[in-house]
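The chain below stands alone and is given in structure tokens; this is the form predicted alone.
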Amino acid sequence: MIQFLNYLNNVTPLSDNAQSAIISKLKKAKYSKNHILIKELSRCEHLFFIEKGLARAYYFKDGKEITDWFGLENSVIGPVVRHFPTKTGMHSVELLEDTTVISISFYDLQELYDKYHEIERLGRLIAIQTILVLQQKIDAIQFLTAKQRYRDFIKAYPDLLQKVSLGYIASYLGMNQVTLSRIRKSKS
């Protein structure tokens, strides 16, 4: 739990009372590699923190699996918006390694928001960080070449090349595996 509290306090400092209130609502669980942590992201009732392990969010399009997000240690997983009219979600979250997560229900989180302004602020800041990451990904797909996207990916996530299949990386980068292989070969 200390790792999670450090993450939260790096987003915004929290009082001891707020930290204790959060801790009282948390659950910790361990899951095996290939476990589907979230079957349908838009209907997810919990927010998760990856304490140890690795995850990916994906969906199916035209019969193909598309990876559009990797969850590393010390990152949060959950729907960006809740209780807004949305179409049925297509995203699922799969664990790519044995993974330990800390979770809190959105019901409990809402209670904490109502009671502690600083926790409500924390939630807003985490949502903003998530939106900024999503915007960077959209910008990369719209404005960068495939080579530039791969270069930026290996700078940001050098360890993932050893942990994640190239098919997942290619789809995350918005290209097919043949294109990724050509880019990787040209770098050699």
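Remember, it's a predicted structure, so these values are computed and weren't measured experimentally. One rule holds for the numbers: they count along the sequence shown, beginning at 1.
There is also a form predicted together with the DNA; it is not shown, and the following applies to it.
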### Message
Going by heavy atom distances of 4.5 angstroms or less, which of Gln136, Ser42, Thr145, Gln129 would be at the interface with the DNA in the predicted bound form?
### Response
Thr145
### Task
Only one of Lys64, Arg124, Lys30, His35 comes within 4.5 Å of the DNA in the predicted bound form by heavy atoms, so just point that one out.
Lys64
### Task
Would you please decide whether Pro13 lies within 4.5 angstroms of the DNA in the predicted bound form, comparing each non-hydrogen atom pair?
no
### Message
With the partner left out here, check for me: in the predicted bound form, does some heavy atom of Ile23 sit within 4.5 Å of the DNA?
### Response
no
### Query
Does the 4.5 Å heavy atom contact test between Ser181 and the DNA in the predicted bound form come out positive?
yes
### Query
So in the predicted bound form, does Ser165 come within 4.5 Å of the DNA, heavy atom to heavy atom?
yes
